[in-house]
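Below, in C-alpha cells: the form predicted on its own, a single chain.
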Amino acid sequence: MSVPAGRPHLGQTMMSARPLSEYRAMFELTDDDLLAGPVLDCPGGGASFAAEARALGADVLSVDPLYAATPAELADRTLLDTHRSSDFIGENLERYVWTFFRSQGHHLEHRRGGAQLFAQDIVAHPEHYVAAELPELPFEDGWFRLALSSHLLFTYADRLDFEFHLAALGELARVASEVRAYPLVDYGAHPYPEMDQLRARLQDRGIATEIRVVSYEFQRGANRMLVLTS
C-alpha cells in the first residue's frame, strides 16, 4: 500500500523501547490493572514495560514476531530503531507535544534506557517473550485479563488494511477479557478513517467498544485509546 502524498514516512515498522511509565500514561494503567491478572503486551517490540511490571509483581507476557531473532539481534534492532525514531521526530518536531518529554534529547534518553533494560531482560527471562504474530495468537480463549496493543494498529493504516484491523482486534478480544489499543491515529496524526465501521463489526461479534480520552499526548492528536470488552 502506498503512502499518501504529504504524509511523513517511517518505512518498516518500528521496534520501540517504551518503558512502564509511558505505558501507564498511554493506557491509563493503575497498579490494580497490572496486578489483577495476566497481561499481554502485543506487539511488545523492544519495550521494557514487561520487565518493569513484573518487578512490581505483575504477570506479563510479551508477544512479537521479531522475537524469533536472537537476543543480540533484537538488542541491535531496538537500539537502531530507537535512533531512527528520534531522527524522525527531529525532522517533524511540530507534530509532537513536548510535555511528557521535554525535548528530542529527553525522548532519546528515555527510550535508550528502555532498550537497554529490554535487552537485558530477554536474555535473563526468555520465557516471557513469545514469537507470534497477529491476527493469530497461540493462546486459549480468555487466557489474559488485559491485553495492551500500542503503535501497530491504526499507526500503520497505510499498509495494514481494514480486515487486518478487524481480525487483530477480534483475536486480542478472544484471548483477553479487556483490550486497550493506542493510539487511534497513524504516524502522520490522521485519525483512522474506518473507526465507526470497525466498531460496528466488532459489536456484531459481541465485542463492546469504547473510546477513552487519555492524559498522555506526545504525537499531536494521539490522546485516545480504544477499549474492547467481551
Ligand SMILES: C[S@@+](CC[C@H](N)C(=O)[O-])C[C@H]1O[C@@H](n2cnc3c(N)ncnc32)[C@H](O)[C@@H]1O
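Everything quoted here is computed from the prediction, not taken from an experiment. All residue numbers are counted from 1 along the displayed sequence.
Not on display, but discussed next: the form predicted in complex with this ligand.
Enquirer: Quick check for you: of 192-200, 59-67, 173-181, 31-39, which stretch puts a non-hydrogen atom within 4.5 Å of this ligand in the predicted bound form?
Expert: Of the stretches listed, the one contacting the partner is 59-67.
Enquirer: If you check 156, 101, 88, 143 against this ligand in the predicted bound form, which one has a heavy atom within 4.5 Å?
Expert: Contact check passes for 156.
Enquirer: Applying a 4.5 Å heavy atom distance criterion, does residue 134 contact this ligand in the predicted bound form?
Expert: Result yes; residue 134 sits at the interface with this ligand in the predicted bound form.
Enquirer: Residue-level question: is residue 17 within 4.5 Å of this ligand in the predicted bound form, judged on heavy atoms?
Expert: Residue 17 belongs to the contact set for this ligand.
Enquirer: Given that the partner is absent here, does residue 21 sit within 4.5 Å of this ligand in the predicted bound form, heavy atoms only?
Expert: No.
Enquirer: Applying a 4.5 Å heavy atom distance criterion, does residue 75 contact this ligand in the predicted bound form?
Expert: No - in the predicted bound form, heavy atoms of residue 75 and this ligand never come within 4.5 Å of each other.
Enquirer: Within 4.5 Å of this ligand in the predicted bound form, counting any non-hydrogen atom, which residues from 47-61 show up?
Expert: Just 47.
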